[in-house]
Structure formats: structure tokens, C-alpha cells
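Quick setup: one chain, the form predicted on its own, written in C-alpha cells, and binding and motion questions come after.
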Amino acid sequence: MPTKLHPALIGFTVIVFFFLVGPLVIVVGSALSDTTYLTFPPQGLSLRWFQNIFEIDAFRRTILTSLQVAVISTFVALIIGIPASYAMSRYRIQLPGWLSTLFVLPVLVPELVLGFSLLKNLAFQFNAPIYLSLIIGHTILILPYVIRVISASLASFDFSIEEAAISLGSPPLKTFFTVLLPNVRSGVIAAFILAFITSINDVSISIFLTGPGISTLPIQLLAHMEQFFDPTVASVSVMLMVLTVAVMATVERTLGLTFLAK
């Protein structure tokens, strides 16, 4: 006999659903408004504010910059994070216990403090280029997420499989790429998605590291809001949401979300 849900539980679920979905509906409705100012509910429907994003040169440049920084920093974080996760999982007895804590420090430290520290060291002390500073800053920001996700995937991996392959004559490096990585690729893909989305939406680090001529989309969005209050702001927000959904949909169509859950 099916259990009957309590009306209070149903009501609480509905409230939580509207709490989560309501802001998204408001942003989408504001982006489609035909007015020259942000308003909800929309007074008339129009797509001109989405077109306005690509008519503004600053938005076109920052969209490209954000995508480049997100992709490069994510790949750099993976290149560093995969071997680090492997070492901490494979040799956890030999390695010091504080090493795993060291990799999560960027998460524990407030992003504003981290951003100011990067500004002081990269921009002032080492005089690093703005573009390089952004890549370094975003890599440091997303590296803990990469290591945590991949380490969780490696926790269920039986390293005796790797030892068996090596004992049968497979070189260690070849074993790493042909035996270990295929078994944890779900964690690698999940880490890539999380890192990419975190990087492309970052504000706290980017606001310290951007400069004349080079900026990211979220920072340009803040600058636009200081001068204008039109629905372009909501349109950019919708575009970022669509990009996030597109990344998830691509994974679903190519691998399937059930694959990532393995």
C-alpha cells in the first residue's frame, strides 16, 4: 500500500521549488521584456536585448576572454589535479597528512582575500600580464574542486588492477593512461564540468585581476550595471544559464548522466 504524503511535506516541497525556480523565471522574464529598464512581469516580449549583447563590443570581447580563461585554466587544473589526486590516493600512507589540506586552502580562504593576495603578488610583485594572472588565479580557484572530485573517484578504484598490469609488463606511464584513467574518467569529466562552470562565473578573483583592455564577462556585466539598468543584464544572465545547461546536455547526450553517477 503506497504511503500517503503529509500535506505539510507537499507544501514545503512546493515552497522550496518556487524558492529555487522563482529567481530563474524572473531573470528570464526580465530578459524578454520590451521595456528599456528591468521590470517583471515583462511588458511585451522582445529578443532585442539578447541581440544587444553581441552589438556591444565589450561584451563580445569579454565573452571570448571568459571562455578562453575557463577552458585553459580548467585544463591546467586537470593536468595538475589528476597526478596530485593519484599520488594522494595511491601513496596516502607515505605522504604527509597535511598535504591534502594544502590543496583545499583556496576553498577555505575567502575569495576576496585570495584575490587581493594574487593581485599583490602577481600584478605588483611579479608584474605578470593580466591574461596570465587570470589563468593562474582561476586555476588556483578551481584546483581544489578538481582534486576533491577526482580523489572521490579514485577512492573506489582497486589499485591492485594497476599492479597487475605492471606485473604483466605494461610500463607505469602506459598503465596510468590505459588502465587507471579509463576507470576514473567519470570523475575527470565531472571535475571538468564543475571547474569550467566555476571559472566562467567567477567574480571575486577576476575583479582583482582584470585590467585595461582585458576583462571577463561577469566583471563587464557589473561595469554595465553601473551605467545602465536595461534588460541586457538579465539577457547576459540567461545566456550564462543556457551555457551551463548546454554543457550538462552535451555530457548527457555523449555519455549520459547515469555514466557520471558510476
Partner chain sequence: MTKPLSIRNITAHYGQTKVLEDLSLDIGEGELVSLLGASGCGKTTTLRLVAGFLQPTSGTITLGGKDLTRLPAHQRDIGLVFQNYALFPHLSVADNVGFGLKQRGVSGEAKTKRVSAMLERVGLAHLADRLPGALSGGQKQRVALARALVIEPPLLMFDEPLSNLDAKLRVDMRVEIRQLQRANGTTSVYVTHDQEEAFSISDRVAIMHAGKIMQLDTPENLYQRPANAFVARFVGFENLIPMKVVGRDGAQITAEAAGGVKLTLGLEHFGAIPDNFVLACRADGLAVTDNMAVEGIPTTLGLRTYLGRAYQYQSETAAGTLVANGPLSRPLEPGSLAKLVPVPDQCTILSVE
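Everything quoted here is computed from the prediction, not taken from an experiment. Positions refer to the first chain, counted from 1.
Beyond what is shown, the protein has a form predicted in complex with its partner chain; the following relates to that form.
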message = Give me the residue from A164, I72, I189, A152 that has a heavy atom within 4.5 Å of its partner chain in the predicted complex.
response = A164
key: Touches its partner chain in the predicted complex: S160 (any heavy atom, 4.5 Å)   = yes
ask   = For the stretch 155-183, which residues lie within 4.5 Å of its partner chain in the predicted complex by non-hydrogen atom distance?
value = D158, S160, I161, E163, A164, A165, I166, S167, L168, G169, S170, P171, P172, K174, T178, V179, P182, N183
